[in-house]
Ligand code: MLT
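We begin with a single chain expressed as C-alpha cells, specifically the form predicted on its own.
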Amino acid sequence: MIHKFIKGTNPNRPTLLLLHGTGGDENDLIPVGKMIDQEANLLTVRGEVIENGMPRFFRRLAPGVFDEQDLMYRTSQLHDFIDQASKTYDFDRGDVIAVGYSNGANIAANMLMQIPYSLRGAILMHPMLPRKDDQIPELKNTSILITAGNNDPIVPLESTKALKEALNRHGANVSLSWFKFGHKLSSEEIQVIIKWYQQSLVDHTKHLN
C-alpha cells in the first residue's frame, strides 16, 4: 500500500494511523497528526480504490451505500498491512491509534467492529455506521472519540448515533462531540480532539504505567 512512515521522537507514545477521506492521499492528515501528538509515530496510508479519479479505502454502490463485501476485504487488507508495517518500522502493534476522516474514519470504525484487538483506540472524524452487524468483538478498554457535524450534508445524524451505540454496546468508551461546520474539519474540532487525546489516551497510559 502507498504510505508514509514518520518516526516519532518519543518511544513511549503510540503510532497514529492516519486515514484520509475520499479524494485525499497519504499527505492529507499529516498536519493533523502532528497537532495531535508531535512526539508520536505517524503511519499514513493511501486508499487503493479509485472512484471517479479519487482514492478511497473501499468501494460503495451509491452515496452512503457501501459495498460490504469489499469493505470487509479492504479492512482485512489494511489490518494485515499494519501488522507488516509494525515489523518493518519497529513500532508496537498493540499501541496503534487510528485517526480517520470521513471514508478513512469509516474503515477504521469497521476495523474495530470486525477484527478483535486491531486498534488501541480511535479518533473518528465525521464517520457513519459502516455496516449493521452485531457480530462485533469485545471492545473493553478501547477509547474512541467521534466528532461529527450536526448539519453534515453527507453523514446523517442517525448513522453517527448508531455507530456510537454499537461501539458502546460492546464495551468501548465512546465520546461524541458535535460541531456546526457540516462535513468540514474545523480548528475548534481539532482542539477538542487534542484535549480528548491527552486526557483519554496519553494521561490514561501514564496512569496505567
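For clarity, every value in this text was computed on a predicted model and none was experimentally measured. Each residue number is its position in the shown sequence, starting from 1.
The discussion below concerns the form predicted together with the ligand, not included here.
Visitor: Though only this chain appears here, would residue 66 touch the ligand in the model of the complex if you measure heavy atom gaps against 4.5 Å?
Guide: Yes, residue 66 is a contact residue.
Visitor: Any of the heavy atoms of residue 22 lying within 4.5 Å of the ligand in the model of the complex?
Guide: It does: once the ligand is placed as it appears in the model of the complex, residue 22 has a heavy atom within 4.5 Å of it.
Visitor: Is it the case that residue 170, even though its partner is missing from this view, gets within 4.5 Å of the ligand in the model of the complex, heavy atoms only?
Guide: Although the ligand is absent here, residue 170 would stay clear of it in the model of the complex, with no heavy atoms inside 4.5 Å.
Visitor: Can you check whether residue 110 is within 4.5 Å of the ligand in the model of the complex, heavy atom basis?
Guide: Heavy-atom contact with the ligand at 4.5 Å: absent for residue 110.
Visitor: Looking at 115 to 123, 135 to 143, 102 to 110, 78 to 86, which stretch has residues with any non-hydrogen atom within 4.5 Å of the ligand in the model of the complex?
Guide: One stretch meets the cut-off, namely 102 to 110.
Visitor: Under a 4.5 angstroms heavy atom criterion, identify the one residue in 154, 50, 162, 35 near the ligand in the model of the complex.
Guide: Answer to the contact question: 154.
Visitor: If we check the ligand in the model of the complex, which of the residues in 51 to 81 reach within 4.5 angstroms of it by a non-hydrogen atom?
Guide: Contacts from 51 to 81: 56, 58, 60, 64, 66.
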